[in-house]
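Starting off, we have a lone chain in the form predicted on its own, written out as structure tokens.
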């Protein structure tokens, strides 16, 4: 029995491990509830006249329109590299026709959606976490609640929809520049006949490729927006928490994007 003023014994390894596991499980359930609330408020948002339409428009402008340039450069470079390398190497093995399959697989189905998501996460995900975190510190969230406004409905849902819409548009934009625009770049290095290229390209493209790319865009957009807003609300008191939370948020977004991409690709090949 400890006497008053004596040092309390430090918790053992089992106690610390149990506390850590309990904390992690609580965060997971809280995040799941947060995501379900986003989905519920999103359904309500699209059924009524949107109250945060300006926030939605600004989110699409920042996430989608302002990212067009970097997306185009990345898509052009990737597509041109695949075309130049494919036309140089594949004929050596008598497999020239595989060039179009590789283009569709790499750009439309795999790297296009994930690279677009990484661009959006790096730009918009960080900005969303930082913006909402600063709103928490400045007690703006408390003001919304005191005024009877649901912060998730007014702040999260427009950003959630804006990022998803922007992801779909940017992914389509990436595919256009990667598959079509890169052909123009490749003409400077390894010319390919116009009709031969586009006939082979559209012959290799299937509906399931387009559907898979669209599904990935929607899922990746939901991950980026939900995780970014979730971490923004987790900021508590100090402004020094904001950059730390933003870094933690982007790290988790990257991990979840890779896991989601692997799962969707696995389902595609089953």
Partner chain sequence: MKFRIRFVNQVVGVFLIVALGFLLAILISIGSNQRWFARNYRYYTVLPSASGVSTGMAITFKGFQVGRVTDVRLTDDSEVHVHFFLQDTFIDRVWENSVIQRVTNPLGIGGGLVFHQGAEPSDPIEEESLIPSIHSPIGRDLVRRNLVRIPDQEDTISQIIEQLGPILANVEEVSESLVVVIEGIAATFDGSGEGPIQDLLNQTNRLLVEAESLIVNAALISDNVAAMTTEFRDPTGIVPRLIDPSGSIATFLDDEDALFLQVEAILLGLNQSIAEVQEFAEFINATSPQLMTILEEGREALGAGQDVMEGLRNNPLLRGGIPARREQPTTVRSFRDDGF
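It should be emphasised that the depicted structure is a prediction, and the values quoted were computed from it without experimental measurement. Positions refer to the first chain, counted from 1.
This protein has a second form, the form predicted together with its partner chain, left out of what is shown; the following refers to that one.
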{"query": "Heavy atom within 4.5 Å of its partner chain in the predicted complex - the one residue of 28, 207, 43, 36 that qualifies", "finding": "207"}
{"query": "Contacting member of 105, 126, 95, 85, with respect to its partner chain in the predicted complex [4.5 Å, heavy atom]", "finding": "95"}
{"query": "4.5 Å heavy atom contact, residue 54 to its partner chain in the predicted complex", "finding": "yes"}
{"query": "4.5 Å heavy atom contact, residue 81 to its partner chain in the predicted complex", "finding": "no"}
{"query": "Contact of residue 120 with its partner chain in the predicted complex (heavy atom, 4.5 Å)", "finding": "no"}
{"query": "Distance check, residue 60 to its partner chain in the predicted complex, heavy atom within 4.5 Å", "finding": "yes"}
{"query": "Location of its partner chain contact in the predicted complex, chosen stretch of 72-80, 126-134, 194-202, 109-117 [non-hydrogen atom, 4.5 Å]", "finding": "194-202"}
{"query": "Within 115-154, the residues that have a heavy atom no more than 4.5 Å from its partner chain in the predicted complex", "finding": "none"}
